[in-house]
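Here we start with a single chain on its own, the form predicted alone, put down as structure tokens.
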Amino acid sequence: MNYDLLIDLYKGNSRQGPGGDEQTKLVLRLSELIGTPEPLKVVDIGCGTGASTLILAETLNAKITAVDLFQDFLDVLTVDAKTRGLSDKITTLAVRMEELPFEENSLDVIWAEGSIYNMGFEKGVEYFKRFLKPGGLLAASEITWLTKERPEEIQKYWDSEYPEIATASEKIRILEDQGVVLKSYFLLPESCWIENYYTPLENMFDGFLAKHGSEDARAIVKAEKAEIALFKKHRAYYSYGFYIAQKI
């Protein structure tokens, strides 16, 4: 996989996956994190260019560590944080999410919006919870089946792309098995996919191909178009679920 090309395509998008500002703010309200007297220690895992990180910094009394594998994404976040006067609340860290350098039982919040799938949901929950204080919160959005049965075409696609896709009840059982208690859950609306993610991405394809006329670049755009077409065809069967859970 040509990561340099993927980074160049995605870093111009405000989001690197489905999501929305209003949904991020909803999670904060549901989590009862707003207005804490003592600064929270928050880590935003797989933050990308920081759409959610900036909202966390604007809303919470917190020191936030924004973690992503790609420094190019973090550089965009650094510039935006400075522009919005939030640099003193955000520290960036380029590291693999499997190699987090934090002490166990040291964090108030781990935010994993659209990123936990990189480890797999069960492994990610088991790993992330060790860094949370007792009573700490995990907020993670995760690809989720909406129905018990679905068309073979979309079943095969996700079985190949991410075999851990499952229904919300199955994801919640994993949380319970890992000793974290579900506080709240909701589905992302279609706008988080179409208006906030796919449409801006589609608008960049022509410029991306004009800049990178390689076979790899064309293959990336072809794959993205296929994913978008599948979502538009089968969006009744899957979305992202946002899971808010507390370590006990």
Ligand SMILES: C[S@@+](CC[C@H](N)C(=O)[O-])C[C@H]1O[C@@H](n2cnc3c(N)ncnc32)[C@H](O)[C@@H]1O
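Keep in mind it's a predicted model, so treat the numbers as computed, not measured. All residue numbers refer to positions in the sequence shown, first residue = 1.
Note that the form predicted together with this ligand isn't included here; everything after this is about it.
Contact with this ligand in the predicted complex, judged as any non-hydrogen atom within 4.5 angstroms, is confined among 96 to 104, 165 to 173, 76 to 84, 145 to 153 to 96 to 104. With the partner omitted here, the residue from L33, A57, V27, L69 that has a non-hydrogen atom within 4.5 angstroms of this ligand in the predicted complex is L69. Among residues of the shown chain, G124 is not one whose heavy atoms approach this ligand to within 4.5 Å in the predicted complex. Under a 4.5 angstroms non-hydrogen atom cutoff, this ligand in the predicted complex lacks T92 among its neighbouring residues. Within this chain, S115 lines the site of this ligand in the predicted complex, having a heavy atom no more than 4.5 Å away. Interface residue remark: C192 is not counted as part of the site for this ligand in the predicted complex, having no heavy atom within 4.5 Å.
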